[in-house]
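Take a look at this one chain, the form predicted alone, written out in structure tokens.
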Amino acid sequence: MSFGAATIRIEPLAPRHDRTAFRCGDDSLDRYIREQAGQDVRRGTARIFVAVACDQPERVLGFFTLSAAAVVPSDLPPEMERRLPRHPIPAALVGRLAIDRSVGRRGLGSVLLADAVKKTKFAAATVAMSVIVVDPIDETARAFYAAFGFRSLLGPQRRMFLPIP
């Protein structure tokens, strides 16, 4: 079974969401959603969006974070760098994206990433942004993002980017 609009909702993290049972298999991401995500929302340092089943709206099946970022033009490929000013380029950062183990390999990661791109594209119509940046946690995540057209930045960070459509 794959996920679609009829089976899940993606909504902002709220106190009613039960984050205690979330397990994706990476301790840092599990700890983040349980202990840090609420603080980031309250402090305004990230927006966290969670996927919930329509029939279990309190259970977190997956999540992603969005925040503002900047990219140094020299970290972009030469064909992009030439078209941009020499100062840092505004970007959106998908800092974390994780799926609960119980629903892995069913397409929820793709749904969440598509929603993050959609939200970013909508925001870019109001606030200037040129790229979406991601922080792949490992090589599996890097391959996941690459499958959607994300490319490696040229700088020392392991970040990847996608021009905003």
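Note that residue numbering follows the sequence shown and begins at 1. Every value quoted in this text rests on a predicted model; they were computed, and no experiment measured them.
The discussion below concerns the form predicted in complex with a small molecule, not included here.
**Student:** Which one, Ala21, Ala143, Leu154, Ala14, lies within 4.5 Å of the small molecule in the predicted bound form by heavy atoms?
**Tutor:** Answer to the contact question: Ala143.
**Student:** Looking at Val41, Leu29, Ala69, Val52, which is the one with a non-hydrogen atom within 4.5 Å of the small molecule in the predicted bound form?
**Tutor:** Comparing distances to the small molecule in the predicted bound form, the residue within 4.5 Å is Leu29.
**Student:** Heavy atom to heavy atom, is Gln56 within 4.5 Å of the small molecule in the predicted bound form?
**Tutor:** Answer no; every heavy atom of Gln56 is more than 4.5 Å from the small molecule in the predicted bound form.
**Student:** So in the predicted bound form, is the small molecule close enough to Lys118 to count as touching (4.5 Å, heavy atoms)?
**Tutor:** No, Lys118 stays farther than 4.5 Å from the small molecule in the predicted bound form.
**Student:** Does any heavy atom of Ser110 come within 4.5 Å of a heavy atom of the small molecule in the predicted bound form?
**Tutor:** Ser110 belongs to the contact set for the small molecule.
**Student:** Heavy atoms within 4.5 Å of the small molecule in the predicted bound form: does Ile137 have any?
**Tutor:** Ile137 belongs to the contact set for the small molecule.
**Student:** If contact means any heavy atom within 4.5 Å, which of 101-109, 124-132, 44-52, 31-39 contacts the small molecule in the predicted bound form?
**Tutor:** Checking each option against the 4.5 Å cut-off leaves 101-109.
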